[in-house]
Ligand code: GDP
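In structure tokens, the next block holds one chain alone, the form predicted alone.
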């Protein structure tokens, strides 16, 4: 297995943790490169479910080093809760196995308050309220705090106090009254930092050294391509770049270190929160959408919110393939579509009465999905053998490959860890 980037190529929630968990068996390092604890990655081992928000999804493999890269915005309290919960289960989460970039930007209490207050008075984006957007905003405005700066509290304190005073004024204007005192906030941050400090390294240098030593790195993305801050359905997007190219920026390695780009898609489409969704199941498809939601257990790992469900959108998928330079596709939740008499896939959009295959940059006009209907298939067992798949399920996979021009190399056939078909020997 060469260095691989795994990215979601829909609106997130594609099931990345299960794929990462599988690929991590062959990787030396799993490196998370963007997002924050607004992501929820769920791993099922036997009957035990583990939900991770900040710690990379390779942590359950004892021989894998896990790295939180500089592109991640970092909630120290959430990290410590996750770390300690894993430790209580007997997972080794010591500094030799779990490393954090010392230049990650830190989420502070006023970021969370601003996130929630802004959501209450502006266009509803569907933010998780965890302070992700405001932290990335401060990073861009050069107001942010990198975690390693807490090592120099006398230098940091006056700068952070000036930022705090500005944020307090903003919060009062937005009607928020529950603003922590600065000294209390700063003292708590220093306390959390002392516990996180053993995990801090220069992850750029570390990953570069490991690359030169021939170690295999798996780069883990969060959210999905259609939520990318530049290329997603703006403004209904996340606050970071979710495409594969950011794996280099968000960890500090050179782009030449990204050897294989694996794009993950569900066999259908979901999205959480507000924003465009051309294939959402409404009208005659409403019952199909409810059944997909029920069978796929489509509720957010982070928020518990019900996900909006729809048919597979090949127009959006092809756009995501191009944006990421996808080398191979991973297909999840194929089993969820079992039992449908027919399966729909969107092959075109219609805007102003014109049929096309262009994913819009601007969503100012109604977009109607144009479908092709494919024959469905009966229930099949969660399997590792492609021969167990019904012929029509194989035809569905082939249809995706033909439309996108990219091979499907991994097929998830059920929720369990081993219910996976691997078509590319690099990932065996």
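Bear in mind the structure is a predicted one, so any value in this text is a computation, not a measurement. Positions refer to the first chain, counted from 1.
Missing here is the form predicted in complex with ligand GDP; even so, the following discussion is about that form.
Item to check | 199, 105, 333, 111 - the one with a heavy atom within 4.5 Å of ligand GDP in the model of the complex | outcome: Comparing distances to ligand GDP in the model of the complex, the residue within 4.5 Å is 333.
Next on the checklist: Can you tell me if residue 383 lies within 4.5 angstroms of ligand GDP in the model of the complex, counting non-hydrogen atoms only?
Outcome noted: No, residue 383 stays farther than 4.5 Å from ligand GDP in the model of the complex.
Item to check | 4.5 Å heavy atom contact, residue 64 and ligand GDP in the model of the complex | outcome: It does not: once ligand GDP is placed as it appears in the model of the complex, residue 64 has no heavy atom within 4.5 Å of it.
Next on the checklist: With the partner left out here, check for me: in the model of the complex, does some heavy atom of residue 216 sit within 4.5 Å of ligand GDP?
Outcome noted: No.
Item to check | residue 116, heavy atom within 4.5 angstroms of ligand GDP in the model of the complex | outcome: No, residue 116 is distant from the partner.
Checklist entry - Does anything in 5-29 come within 4.5 Å of ligand GDP in the model of the complex by heavy atoms, and if so which residues, in order? => result Counting only heavy atoms within 4.5 Å of ligand GDP in the model of the complex, the contacting residues of 5-29 are 13, 14, 15, 16, 17, 18.
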